[in-house]
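Let us start with two forms of the same protein chain, each given on its own as structure tokens and named structure 1 and structure 2.
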Structure 1
Amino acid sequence: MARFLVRRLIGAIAVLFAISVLVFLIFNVVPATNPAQRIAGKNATPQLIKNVEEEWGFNKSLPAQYWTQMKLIFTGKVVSYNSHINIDKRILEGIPATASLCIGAAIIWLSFGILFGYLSAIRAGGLTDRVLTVVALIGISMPVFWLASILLYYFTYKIELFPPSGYKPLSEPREWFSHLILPWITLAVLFVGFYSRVLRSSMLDVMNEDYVRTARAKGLSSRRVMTRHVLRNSLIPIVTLFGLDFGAVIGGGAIVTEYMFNIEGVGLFTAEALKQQDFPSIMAVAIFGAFFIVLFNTLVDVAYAYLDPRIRLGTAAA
């Protein structure tokens, strides 16, 4: 197990490194603009631009620039080209908002996903199943930002049921909650649709397993069989998916939701950095996001390895 862990860890670090290089290349090799000119302002003289280039190290070689950039990011000294604020600090400040959004949404999508999937499966083929299937498919067929716009329009402007947008810290619980309801729903809808589909098919698989048939034959009540045996065993793929999805959402999947609802988390910061092409910020958030995705990927793998020794030994994973 230890060897497996080490191997996964090295892999994870290598992936993070590759991602940082990739982002760096996208913004430094693809001809965009000279950041020095932007920093120097509209009346800049050539001398001023030269000074700025020296100050920020734009005149150095690419590997040297990469190295400086990474050093700044990991020592907490990296500063935005646009707003001149400390990026690491800004990311840290954004974590509570992002975490509030993601955890709340995760609770919603897990509970409703499981509920819908369960109802769908036990009534497979029936009306409930069909309605839920359509609902689930509609859920996964909507652009997130569109759903957000529609919710914003109807629930904050047309009928002022919820406060417009923004984020209030957890220290004001009521405000916190009312500001987050719409974002939670927006972020959760896709997953509810998807998880209920996955759970449905997974439950249908399990329902035809021999032991379930046996349990039924033994005369156990249908509900008991369903919850005790079927549901429990069908949750394995859900747990896996949840690990991956949660990592992805924390690591950048919530960009659009935060952007639409002006939740000042990491995602909104990412969206702004992208819009302004603020290279150091993009670099930092890409590493931040990838870190969570890699982390949760690894956790899922480790969990699997724990359950299934074949993977650990590399026969199945190859």
Structure 2
Amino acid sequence: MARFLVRRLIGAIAVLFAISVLVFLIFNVVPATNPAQRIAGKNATPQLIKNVEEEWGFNKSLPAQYWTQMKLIFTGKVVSYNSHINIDKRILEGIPATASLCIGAAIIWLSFGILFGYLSAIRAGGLTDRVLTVVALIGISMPVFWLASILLYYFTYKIELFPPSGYKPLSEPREWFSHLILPWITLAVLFVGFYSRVLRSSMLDVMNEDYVRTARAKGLSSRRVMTRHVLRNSLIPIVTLFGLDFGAVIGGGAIVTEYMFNIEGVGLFTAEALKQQDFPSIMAVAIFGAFFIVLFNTLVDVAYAYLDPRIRLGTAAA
């Protein structure tokens, strides 16, 4: 297991390095315009552009430029030339809001996705399955900005059940919960439908396996067969999806939700950076998002290796 963990850690570091190089090339080498001028902003003076060139190392070789820029980003010295704020500090300040939004939404979409998928599988072809299929397709088809607007209009402004948009810290639990319930629902609806359909399909495939028929032949109750044998083995693709989706959401996939509900997290900061064409902020957020995606992919691999020893044994043999 230790060898497997070392291999996965080395692989994660290699992927992050490759992503940082790709981000560097996209922002600094591929565009035909002067990167220092783009970073300094549209109304930058010649002196400011010169300062940017020296600070970011644009007057050096490409490897030196890469090293200088990564050092700026990872040591917390990157400053936005538009808003004059420390970008790394702003990202760290937004993590609690983004984490609160994503963790709460993940609990909702995982719980209801598994519940709906299980009910659809055990009632395949019946009325329950058809109703849940329609509900899932509606959820998958709803644009996030439209659903957010509808929820805000009815539950905040019309019947005043929930407070206006914004974020309250966890130190105020009631306010924290009441401000996040609508964003949680908005972010979770899309994933609930998708996860339920994936689990339903996986369970229907597992039901035809030989070990399931053997369990039934031994006289085990239908509920026990479905929960301990079918559901448990059908959750493998759900674990994969959850690791990918949660990493992507917390790394920037909640931009629209944070923007619509004015949650001052990393997503809202990213939206503002894109709107202002703040290239240092966009570069830092891209690397931040990549870190979380790679992190949760690695955690999924470790979870697989823990649950199924054949995975780590196969890797060691290779």
Partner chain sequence: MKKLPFFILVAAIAAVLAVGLAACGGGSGSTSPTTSEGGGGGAESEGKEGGTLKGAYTSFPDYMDPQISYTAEGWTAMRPVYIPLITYKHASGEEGAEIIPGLAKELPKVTNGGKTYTLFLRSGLKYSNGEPIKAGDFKYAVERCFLTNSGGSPFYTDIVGAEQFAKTKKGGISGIKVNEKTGEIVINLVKPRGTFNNELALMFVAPIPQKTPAEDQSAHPIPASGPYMITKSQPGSGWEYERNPYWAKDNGKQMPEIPSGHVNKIEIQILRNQSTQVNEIESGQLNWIFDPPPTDRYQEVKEKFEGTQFREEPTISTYYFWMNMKTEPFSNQKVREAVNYAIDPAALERIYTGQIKGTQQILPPGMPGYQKFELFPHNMKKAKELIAESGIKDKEITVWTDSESPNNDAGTYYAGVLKELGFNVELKILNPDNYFTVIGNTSTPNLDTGFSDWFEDYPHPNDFFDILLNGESIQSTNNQNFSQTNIPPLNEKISKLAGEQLGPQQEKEYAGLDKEFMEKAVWAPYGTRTLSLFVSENINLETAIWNPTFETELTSLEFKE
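What we label the rigid core is the largest C-alpha set whose atoms superpose within 1.5 Å from one form to the other. Here, residue number means position along structure 1's sequence, counting from 1. Model, not experiment: these values are computed from the prediction.
Asks: Would you indicate whether the form predicted alone is structure 1 or structure 2?
Replies: The form predicted alone is shown as structure 2.
Asks: Any CA movement of 2 Å or more for residue 271 between structure 1 and structure 2, core superposed?
Replies: Residue 271 C-alpha, core-superposed: shift of less than 2 Å.
Asks: Could you check whether the CA atom of residue 262 moves 2 Å or more between structure 1 and structure 2, using the rigid core for the fit?
Replies: No; residue 262 is a residue whose C-alpha shifts by less than 2 Å between structure 1 and structure 2 when the cores are overlaid.
Asks: Could you tell me the distance the CA of residue 14 travels between structure 1 and structure 2 after a rigid core superposition, in angstrom?
Replies: The alpha-carbon displacement, core-superposed, is 5.6 Å.
Asks: To one decimal place, what C-alpha displacement in Å is found for residue 297 between structure 1 and structure 2 with the rigid core superposed?
Replies: C-alpha shift for residue 297: 2.9 Å.
Asks: Given the rigid core as reference frame, how large is the C-alpha shift of residue 49 between structure 1 and structure 2? Answer in angstrom.
Replies: Displacement of the alpha carbon, after core fit: 8.0 Å.
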